[in-house]
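In the structure tokens that follow, a single protein chain appears in two forms: structure 1, then structure 2.
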Structure 1
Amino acid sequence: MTVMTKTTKTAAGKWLRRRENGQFEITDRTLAVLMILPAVILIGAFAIYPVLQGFAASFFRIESATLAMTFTGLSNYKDLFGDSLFWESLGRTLVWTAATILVQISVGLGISLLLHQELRGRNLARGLVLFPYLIPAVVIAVTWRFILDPTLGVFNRTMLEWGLIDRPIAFLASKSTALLFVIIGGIWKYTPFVVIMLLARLQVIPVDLEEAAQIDGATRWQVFRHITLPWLMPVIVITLLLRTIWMFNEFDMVYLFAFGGPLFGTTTLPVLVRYLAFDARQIGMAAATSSVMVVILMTMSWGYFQFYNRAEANLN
């Protein structure tokens, strides 16, 4: 009995402590739990619960009109993996994700290094570089559709005047070029995010390290290779992780450019989920597609965290 009382007091002491006047006050541990509790509730309600609900729905055939559910086991996954449209959409999603994030990282790194230099008008340039990222995706998609319009678009008119083409080309109506311009639009919009992340990291690189390297006779490339890049690498990996998740799940930019066409030529997995749920009325298969996307992203995220740990170890 004495042991139980002592244990109870010890456990309670982690959450409350008695002040000198006899009143109780919360401990730092209790305060930390109370501070993080609202975020945990919101994440659970708006992130974890929908994912679990979607995963559960993937095992049912759901009638779109009545939402009546019939358990079908793994049949949705079997039908999904046997559908060529799923594999084509997965391939386009990987191409879209890889192409956009690689160019974003490359161009963003160059711009951030440039804006880190002592240049006239640097602050103005830093503000202007954020402009594409602040524009809503629907505005960008409508603007690009107008630019690429075969009749009124400035892109076709310019190419005609320069003699590069003989007649206007409907770029977004061609399966061979539609995805290319969707990728270009995605790069234009989201590169500023990479610039923000890398430029912030560049501001905290110890100046004495670079000055010591220059005094020792290191070239600019050697300073970048052995000092700047290792300091940037952890942030580059985190940026790659965020951009991979967001580009893999991107719906607005892809769908609004060509609405998944022509002939499913710009249909990525998020667009496929929309098609299965609302056009094909196969809600169970749409849920299965979403579940597969979650598994793919979790696997990618695990790989990125391994690279991040390695980058931090190399920096230390």
Structure 2
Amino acid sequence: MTVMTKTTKTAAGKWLRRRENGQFEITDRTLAVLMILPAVILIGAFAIYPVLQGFAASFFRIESATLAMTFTGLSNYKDLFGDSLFWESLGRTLVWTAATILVQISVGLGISLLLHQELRGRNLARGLVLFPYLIPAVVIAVTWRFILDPTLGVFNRTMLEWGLIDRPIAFLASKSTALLFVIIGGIWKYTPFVVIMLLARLQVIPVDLEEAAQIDGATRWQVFRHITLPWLMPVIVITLLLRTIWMFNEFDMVYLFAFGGPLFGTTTLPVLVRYLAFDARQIGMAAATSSVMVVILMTMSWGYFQFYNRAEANLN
């Protein structure tokens, strides 16, 4: 037999209540707050606090050697927006992000569709396709730098032997080609992530939908266009969102390929933040750049979520 305990509200009311036997117990509201509190503390300490501190630092000039701080209001932002290096870095960040993501999504979609087919060695291929994603960025960067080395690298050697060039080219030492090869490296490393995401989604598309369409005389393109793609779209949007955030913030691959050079030719915003903070030692400016990045990413994320909601609605 269950004994029901009557409770009465106390002065504390919403947070504590008194049982009939006189003891106190916490209310559901209190329990909810207690449950959520660890997460709030952790997010506050490790996400919100650093962002706010960075935001606050963007209003100061900070001496790198002595760390003495002087409040300068908006002057860091004014200097930043007046600096061509910032706008060039923003442009390169957008080029890097857009180029890598577009190719990642296109190639990743193609590979995932291929690996969704009943092919011999499919499982092996699925394992191998993950390989670049598993390799640390530093290993990839060093390997690519070695491949592209003008005097020792296999790429130049092969091009010379095939007669495509008459003298070695330092691809990562040229402002016109360095970013291109950084983008190629980024595509090579991160496309597998898109493949994993899309492949997982492909496997849950109801087969009977495709079969019904085929019975009704739909071509393979029509099946893809009207069934597969709408089903994939929410995942594509989420993948786009995640990859956009990650590629926009990508530091290690970009930096390790060409260290931001030559002549800042591979300096994207995260690399610029590093340069400002540790090389130029303008910590306030670095903080201002980071704050601008946060705003850009939040705006992008909002746009993606709008698109995601529409894609989900269309699917339903």
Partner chain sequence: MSRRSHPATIFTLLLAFIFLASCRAVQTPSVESTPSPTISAPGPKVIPFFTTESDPNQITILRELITEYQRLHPDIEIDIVLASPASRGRRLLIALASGADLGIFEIEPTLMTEWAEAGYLLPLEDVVDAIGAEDYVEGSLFESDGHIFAVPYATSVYSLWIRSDLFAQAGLSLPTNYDEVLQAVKTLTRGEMYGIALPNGQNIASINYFSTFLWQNGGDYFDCRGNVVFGEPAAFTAVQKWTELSQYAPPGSTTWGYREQIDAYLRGRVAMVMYAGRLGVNIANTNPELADKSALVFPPWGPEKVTLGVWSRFAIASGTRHQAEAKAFLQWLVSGDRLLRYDMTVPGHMIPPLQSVQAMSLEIESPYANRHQVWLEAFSRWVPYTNHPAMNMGSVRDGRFVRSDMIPPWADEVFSTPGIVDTMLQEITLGSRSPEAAWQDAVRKMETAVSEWKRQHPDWQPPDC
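By convention here, residues take numbers in order along the sequence of structure 1, the first being 1. By rigid core we mean the largest C-alpha set that fits within 1.5 Å across both forms. All values derive from a computational prediction rather than experimental measurement.
In this pair, the copy labelled structure 2 belongs to the form predicted in complex with its partner chain. Relative to the superposed core, residue 44 has its Cα moved 2.4 Å between structures 1 and 2.
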